[in-house]
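Below you will find one chain, with nothing else, as structure tokens; this is the form predicted on its own, and questions on how it binds or moves follow later.
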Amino acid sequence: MTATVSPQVADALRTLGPFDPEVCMSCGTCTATCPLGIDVLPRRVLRDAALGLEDHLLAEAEAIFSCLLCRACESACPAGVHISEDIRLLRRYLLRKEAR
């Protein structure tokens, strides 16, 4: 997949609420605790958002909307990332993109 970098993605997400994807250390602890076993979330989508890879976020929409928001990943996160809130913001962002 060819990626188009758009620095405005993270800025647009921040207009929807507190969003700081750079805090994620990409350690994978969150992925290991996901009850659904969704290996995409959250570290990959947070990285994609931070880098402005909107095409990647759009491609991962199904996984983003599959998240249970159960916060199992948050309780295991050594960096204290508010993952469920970030996923909610990503959902709002994707829904806005879809509405256009």
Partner chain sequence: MRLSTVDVVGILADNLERRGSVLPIPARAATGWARGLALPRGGPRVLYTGAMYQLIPYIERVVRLEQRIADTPLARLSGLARRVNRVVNAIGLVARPSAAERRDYDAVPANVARLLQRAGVEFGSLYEDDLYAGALAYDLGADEVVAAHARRVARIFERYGVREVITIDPHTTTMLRSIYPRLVPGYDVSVRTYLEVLAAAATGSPRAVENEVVIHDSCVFARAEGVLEAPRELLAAAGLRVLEPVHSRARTWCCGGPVESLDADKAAQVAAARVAQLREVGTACVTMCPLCLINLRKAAGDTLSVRDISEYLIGAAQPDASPERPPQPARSATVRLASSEMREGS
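Residue numbers count along the first chain shown, from 1. Since we're looking at a predicted model, the values are computed, not measured.
The same protein has a further form, the form predicted together with the partner chain, not shown here; the description that follows concerns it.
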Open item on the list: Residue-level contact is defined here as any heavy atom of the residue lying within 4.5 Å of the partner chain in the predicted complex; does Ile38 satisfy this criterion?
Closed with: yes
Task: 4.5 angstroms heavy atom contact with the partner chain in the predicted complex for Ala10 - done: no
Open item on the list: So, Arg92 and the partner chain: in the predicted complex, are they within 4.5 Å at any heavy atom pair?
Closed with: yes
Open item on the list: If we define contact as a non-hydrogen atom of the residue within 4.5 angstroms of the partner, is Ser75 a contact of the partner chain in the predicted complex?
Closed with: yes
Open item on the list: Within 4.5 Å of the partner chain in the predicted complex, counting any non-hydrogen atom, which residues from 62-98 show up?
Closed with: Glu62, Phe65, Ser66, Leu68, Leu69, Cys70, Arg71, Ala72, Ser75, Ala76, Glu85, Arg88, Arg91, Arg92, Leu95, Arg96, Glu98
